[in-house]
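Provided below as structure tokens are two forms of one protein chain, presented individually as structure 1 and structure 2.
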Structure 1
């Protein structure tokens, strides 16, 4: 059975279209990635899957149930890890789990909570206040709370946003264990290309609410990953015969199959005296996105106010 199915889903807020005709499916047992820049429509999509937002048009099913018609039954089968902080710092780990149990009506919650804390290596901190937890410990507790009612699917909306590299990779290990050992299907949204490449069985890349491409990380890299040469010249260039995918003033991005073989001829055509900067992005998911859109993920997204506020909150602790 397909865990999640979206068919031609659109969500509008007035005249603004946040999600535009989006279709994809998530198979049971996989880690599926929804990849795109800030503002691409990832969080809006997650909120529609959970029933928090109704689609303007299109159909969403979770485990065969229509989300708009069986919203409460769907919510019982889903867990959700938000990118926003949901923990109460003045309560202990067990007290936070108790609140979650009350919200979901989980009976005999204490044994389940203790098992989850043990699974995440937090059993020694169950009576400690969350305000003293590291960032990685906090994220593990949030995931434990999302799993408390034994959902079959967990939605993770940018779960590593604002984390340092070490904490991010620790969360990757947790996500993999949840999927493999607890047999939970994972839908992960992210704008970290390395994260999607490391974790996901399949990926949908979206930009400005629309699906750009779908496939496994290897399929996308094999089909769309070119080397991208970025150069800046002292004078405007006419790069006839070159696959220029982006230009801004005297800055250019050129898509090639093998940068090493063409760099000498490109430099001679530009003229070494005119060359200010030149660099190469080797074939990767990053170059897939650039190849398909002309922009990097960061350039396509702009400022993420939510991420900024989260970083500021953590800095004040």
Structure 2
């Protein structure tokens, strides 16, 4: 049985199609990544899986149940972590967990809550008001809350947005442990290709609501990733026969399958005396994204600074 299955799912807001005929599935036990730039339709997709939004057409199944028909039963089996931090600031960590427990009908909630807080290293803050928590602590508390009712699947919308490098690594570790130790299937969305690469077994890249490609990070890198050589020369260059993807004055970006094996011949062709600078960007999911959508992550939107500020402000309130 699939943990999550989407079949030809479309979501329209008025005339605007946010998700367009999207199909993919998540197997039980995996960490699955939904990747795409701003406005790609990631959040909309997650909301449809949770039952917050109804798809305009198509079919979504969670653990074999149709989300639109068995919404309540699906909700009991899902955990959800939003991209904004949603906690009640005026309440303590335990009070937040208590409400969550009541909403999900968790029986031995206190014991579970305390175990989870320990699991996430928050046991010292259980009776502190959430108001004083750092963004990293909030995120951990949110994940703890999402796990309180022992869901089989957890959906995380941009779990590391707004975190510094250290907290981000900590959340990565948490996600891996939740998956391995608690045996929870994870579906996460992210802008960070690096994140998907290091966490996910499989990923789907979407853009403008449509699936661009699906596979393991390895597969994608092998079939779509290119190295990019950036060079600056003293004179204008012809570079016939090279795949030049960008040029500005005497600066060029060249796409090659394997930089190491072509560098010598490229240098010979340019002429070492003309070469001012040369650098190689190795294949990564970033370059997968570029070769599939034509845009780098920054150009496609990347992390929207304004949105980030908004989320942070909201989290602090």
Partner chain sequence: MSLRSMDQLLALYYREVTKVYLSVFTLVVTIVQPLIWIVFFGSSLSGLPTFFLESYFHTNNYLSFLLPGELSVSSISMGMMASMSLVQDKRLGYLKRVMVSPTRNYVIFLAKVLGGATRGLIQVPILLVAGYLMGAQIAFSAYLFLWVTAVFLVSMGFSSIYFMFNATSADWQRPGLIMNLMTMPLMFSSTALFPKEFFPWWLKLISDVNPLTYLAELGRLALIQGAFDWTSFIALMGFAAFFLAIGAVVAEYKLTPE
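Keep in mind that what you see is a predicted model, and the values were worked out from it rather than measured. Residue numbers count along the first chain shown, from 1. For clarity, a rigid core is taken as the largest C-alpha set superposing within 1.5 Å between two forms.
Structure 2, rather than structure 1, originates from the form predicted together with its partner chain. Positional change of residue 229 between structures 1 and 2 reaches 2 Å or more at the C-alpha, relative to the superposed core. Core-superposed comparison between structures 1 and 2: the C-alpha position of residue 172 differs by less than 2 Å. Once the rigid core is used as the reference frame, the Cα position of residue 148 differs between structures 1 and 2 by less than 2 Å.
For residue 134, the Cα deviation between structures 1 and 2 after core superposition amounts to 2.5 Å. Aligning the rigid core leaves the CA of residue 279 displaced by 6.0 Å between structures 1 and 2.
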